[in-house]
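Only one chain is given next, in structure tokens, and it is the form predicted on its own.
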Amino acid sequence: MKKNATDFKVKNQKVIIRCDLNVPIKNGIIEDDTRIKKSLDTIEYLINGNAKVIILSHLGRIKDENDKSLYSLKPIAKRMSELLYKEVKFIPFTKGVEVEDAINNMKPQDVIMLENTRFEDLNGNLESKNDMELSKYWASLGDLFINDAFGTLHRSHASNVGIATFLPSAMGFLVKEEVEKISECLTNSKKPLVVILGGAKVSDKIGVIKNAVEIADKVIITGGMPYTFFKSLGYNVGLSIVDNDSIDFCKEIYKKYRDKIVLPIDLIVAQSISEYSQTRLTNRENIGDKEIGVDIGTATINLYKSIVMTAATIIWNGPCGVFEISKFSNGTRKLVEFLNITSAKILIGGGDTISAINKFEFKNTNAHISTGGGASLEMLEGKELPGLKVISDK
């Protein structure tokens, strides 16, 4: 069992906390502060325990110097100050004298936030490749390390795995909750267990599909992935998205688990991915050569409903179609409606899925909405997460 934040005495300690503050920002304005709010519980616990709190996070992907102006954490520090009703002092550097002086001058209950950890990737990907010298440096700034960035637990970076290698470490409250909720769904879930998997490429979810067919009663394959299954079964899929490298996998696993794997029986097809494109309803045997599958059809929606409404546990990752375009969104919207009224325990993960439930007003309070798509997927695959493995054991 891994240590959590309450297992350490934090009074007067310099506590480095890795948060996942990778929120959408446009023109310096935060469009969704959900991840910032999710990080507050552990930070407030540390403040109330008279710790000196040092926050690290990444934001976006940093490819060149121009990205620095787009992905600074300064607006994040400002918003966190508002939410905490307390100054979060922003240090516009990831290392150096300014960082060291700021930390050395901290008093108990002070909070500082360093600049985007991925700025270090401009110097040979030091962050993303878990450079040991950078890890040692960041670790030298604190006495304890708390990892509360569930969304990066599947990555071995300097700011999570690296620091935890050199300091006593623990899970934050968010990571603890995520790990417990997902583990419970996978190992202790009430039956029937239904796993709903959407997305474009089968190859991105091969491990999840392999694990799902072993533990679930039904595995619904939806979104763009069914067309690779259809092609493996000999159907014409027109111009629909197909993951050619996964055709053999689809053919074999469907043959072995066709009693569990649920594929759409009818579809909405279009001439192009556009709001102005003409659409038609068709069954999976009659997709035209120049048509693209964009959503599930009426019969499939009813099939999904019959499965979902009899489930005791539901895991959902990936929408049913191109829901961002309103005329292709009916399947995803209907699924959200069904999940709103089911009494099943629900686990929802993945950025597109969360966007969908926000768009279609998901309201079921009997659900856990995961903050980390990649990390939750790797847990669904049964993989050990590097960022969790390195945390100190109790």
Ligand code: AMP
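This one's a predicted model, so the numbers in the text were calculated from it and none came from an experiment. Take the two forms, superpose them, and find the largest set of C-alpha atoms that agree within 1.5 Å; that set is the rigid core. Note that residue numbering follows the sequence shown and begins at 1.
The discussion below concerns the form predicted in complex with adenosine monophosphate (AMP), not included here.
Of the candidates 218, 284, 205, 155, 205 is the one whose heavy atoms come within 4.5 Å of adenosine monophosphate (AMP) in the model of the complex; the others do not.
Contact with adenosine monophosphate (AMP) in the model of the complex, defined as a heavy atom within 4.5 Å, holds for exactly one of 229, 323, 90, 137, namely 323.
Remark: of stretches 92-100, 244-252, 221-229, 165-173, the one touching adenosine monophosphate (AMP) in the model of the complex is 221-229 (heavy atom within 4.5 Å). When contacts are judged by a 4.5 Å heavy atom cut-off, residue 199 counts as touching adenosine monophosphate (AMP) in the model of the complex. Put simply, residue 352 is close to adenosine monophosphate (AMP) in the model of the complex: some heavy atom of it is within 4.5 Å. Among heavy atoms of residue 294, some come within 4.5 Å of adenosine monophosphate (AMP) in the model of the complex. By the criterion of a heavy atom within 4.5 Å, residue 264 is excluded from the residues contacting adenosine monophosphate (AMP) in the model of the complex. After superposition on the rigid core, the Cα atom of residue 292 is displaced by 2 Å or more between the shown form and the other one.
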